[in-house]
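One chain is shown next in structure tokens, namely the form predicted on its own.
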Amino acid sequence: MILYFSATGNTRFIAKELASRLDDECLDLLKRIREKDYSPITSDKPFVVCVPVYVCEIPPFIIDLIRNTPFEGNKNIYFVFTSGGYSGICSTMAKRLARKKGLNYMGSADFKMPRNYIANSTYPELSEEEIRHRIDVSYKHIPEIARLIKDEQKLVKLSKHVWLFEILITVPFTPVWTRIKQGVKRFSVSDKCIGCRKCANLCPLKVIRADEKGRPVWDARMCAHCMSCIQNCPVEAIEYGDITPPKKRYTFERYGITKTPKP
């Protein structure tokens, strides 16, 4: 069973490509996350959890879902991470989570995908060439991962080693970053909004509600900054302060491989 959450399509792409090669089911976790649905998930094949990396960690809402959802059937679990280039302490978190659930941690794999976090001016925008290069390299990496999972082999050589200093830096840093940088006050919507409610329907934490005209209202103090609302808006009506107006929007579907045959 391939389980995934994806805000802008990167992780969905990897998950569906793996599912195709493994002839396995692919389950989008968005609805379960939004509804806090902790009903059991059953699979005869290994579980493969595909998730994005947020602030060097597995997103808290995904940790919550996995921790509280019974995984029945196969006892092996793999993790696949998509990031802009650094998966932080995710492999350590995944290993600890698997053990607490009584599952056999089979390792993890990293995919360096196009960066989709645009609510910060620290990172430069990627060129069209770099975006397509990252997608192409990741695509070529998929068959090897699929083969190892199909044979239920451990991803020992592929799993990122997490050094102690990474843990010591990340653990105290992430809560501070979240508290200071992931507020919602700087989100705004322009007159271009068509009231489609797509942003509200895609928000994993239900931070966004639609008003009587269908326009988004950020109804909480903090959010995950998954960028789903900004990046998926069909008319680019959502902005984050003065940071996002000059930036191009990104979803995998705008650049990615739309049809790929099985090997």
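For every residue, the number given is its place in the sequence shown, counted from 1. Only a predicted model underlies this, so the values are computations on that prediction, with no experimental measurement involved.
The same protein also exists as the form predicted in complex with a small molecule; that form is not shown, yet it is the one meant from here on.
Asks: If we take heavy atoms and a 4.5 Å cut-off, which stretch out of 79-87, 101-109, 161-169, 141-149 is in contact with the small molecule in the predicted complex?
Replies: Among the listed stretches, the partner-contacting one is 79-87.
Asks: Taking the small molecule as it sits in the predicted complex, is A7 in contact with it (heavy atom to heavy atom, 4.5 Å or less)?
Replies: Taking the distances in the predicted complex, the answer for A7 is yes, it comes within 4.5 Å of the small molecule.
Asks: Although the small molecule is absent from this view, report whether I66 comes within 4.5 Å of it in the predicted complex, heavy atoms only.
Replies: I66: no contact with the small molecule in the predicted complex.
Asks: Can any non-hydrogen atom of T244 be found within 4.5 angstroms of the small molecule in the predicted complex?
Replies: The answer is no: T244 has no heavy atom within 4.5 Å of the small molecule.
Asks: In the predicted complex, does N74 come within 4.5 Å of the small molecule, counting heavy atoms only?
Replies: Close contact is absent here: in the predicted complex, N74 is far from the small molecule, nothing within 4.5 Å, heavy atoms only.
Asks: Tell me, out of V55, C26, I33, I41, which residue has a non-hydrogen atom within 4.5 angstroms of the small molecule in the predicted complex.
Replies: Filtering the options by heavy-atom distance leaves V55.
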